[in-house]
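Only one chain is given next, in structure tokens, and it is the form predicted on its own.
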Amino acid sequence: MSAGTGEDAVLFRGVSKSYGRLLALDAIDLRIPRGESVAILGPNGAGKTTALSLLLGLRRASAGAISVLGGDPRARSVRARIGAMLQSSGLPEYLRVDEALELFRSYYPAPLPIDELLSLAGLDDIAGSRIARLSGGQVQRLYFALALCGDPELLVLDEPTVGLDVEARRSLLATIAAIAERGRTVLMSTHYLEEADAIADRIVVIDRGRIIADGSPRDVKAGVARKRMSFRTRSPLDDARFARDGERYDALTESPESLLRDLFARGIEIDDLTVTGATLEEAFVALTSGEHRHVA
């Protein structure tokens, strides 16, 4: 069953998915307009992979309606406009990198040139190498190039930087950001929260099959009541509420004012005080541990 508008890249309405008695997704609603860059976060088993499988047409929903690019995600005409980078593609290892790209290019009506694909994924130097001889990071970059073969309107990335070194990771993230800036819709699941914070226009947090937060990175962080308080002091301070690094003390608290009043009442002299909102990682931990309120 499908429903949607041509303006939406992805639309879930009351979508549920069960595996026997296990409810992996519980009546979720999700709308992603075209041109958005969205990161899906959640602990293992939260329902992220199930959601991606449904929007790629790899599984059928148990209930609800799904529309991708205005149509049924299982339709060949829709799939031809989607690029997907999954954890494994099952490529024959005897193929060369350029042969694998040529094979995947043949599946699409208007593929990107192979030279552009090699450049975008940083594969120029190993175009003639057999897949069997590639490192884990090189295979990951090949999967990324395969996802781009059809010049997709919707790019779906499942943990795209796993196995990459720092430089390759930075380069791939820059390429993803550039693709998003060209007006393509990017949907990425990741465990690297700093990546989501840096790239995504919007964060969707799934836990136990439900969406528990949905908003900009700033909104998601603001939805967590706790603040990070940091200061320096030379005064003796033995307090389990603070983490210590030399003369610097840090604490996560819902009431920095109360903590400060307590410190001043004890005669603690402090310098270099900062009070900031939670980081995305701290917000994620708070949200998935149940210490949250909904962010709309």
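Quick note: we count residues from 1 along the sequence shown, nothing fancier. Computed from a predicted structure; not experimentally measured.
What comes next is about the form predicted together with ligand ATP, which is not displayed.
Enquirer: When ligand ATP is placed as it is in the model of the complex, are F104, Q138 and T161 each within 4.5 Å of it, taking any non-hydrogen atom of the residue?
Expert: No, the whole trio is out of contact, none within 4.5 Å by any heavy atom.
Enquirer: Which of G57, G64, P43, P256 has a heavy atom within 4.5 Å of ligand ATP in the model of the complex?
Expert: Partner contact (heavy atom, 4.5 Å) among the options: P43.
Enquirer: Taking ligand ATP in the model of the complex as the reference, which of S119, S216, S129, Q87 has a non-hydrogen atom within 4.5 Å?
Expert: After the contact test, the surviving option is Q87.
Enquirer: Find out whether any non-hydrogen atom of R96 is located within 4.5 angstroms of ligand ATP in the model of the complex, and reply yes or no.
Expert: No, no contact at 4.5 Å.
Enquirer: Would S230 sit within 4.5 Å of ligand ATP in the model of the complex, counting heavy atoms only?
Expert: Although ligand ATP is absent here, S230 would stay clear of it in the model of the complex, with no heavy atoms inside 4.5 Å.
Enquirer: Although the partner isn't part of this model, could you tell me whether H191 comes within 4.5 Å of ligand ATP in the model of the complex, counting any heavy atom of the residue?
Expert: Heavy-atom contact with ligand ATP at 4.5 Å: present for H191.
Enquirer: Look up in the model of the complex whether S37 has a non-hydrogen atom within 4.5 angstroms of ligand ATP, and give yes or no.
Expert: Although ligand ATP is absent here, S37 would stay clear of it in the model of the complex, with no heavy atoms inside 4.5 Å.
Enquirer: Picking from 43-51, 66-74, 260-268, 240-248, which part of the chain touches ligand ATP in the model of the complex when contact means heavy atoms within 4.5 Å?
Expert: Contact-bearing stretch, as computed: 43-51.
Enquirer: Could you list the residues in 14-32 that come within 4.5 Å of ligand ATP in the model of the complex, counting only heavy atoms and keeping sequence order?
Expert: Heavy-atom contacts to ligand ATP in the model of the complex: Y19, L22, A24.
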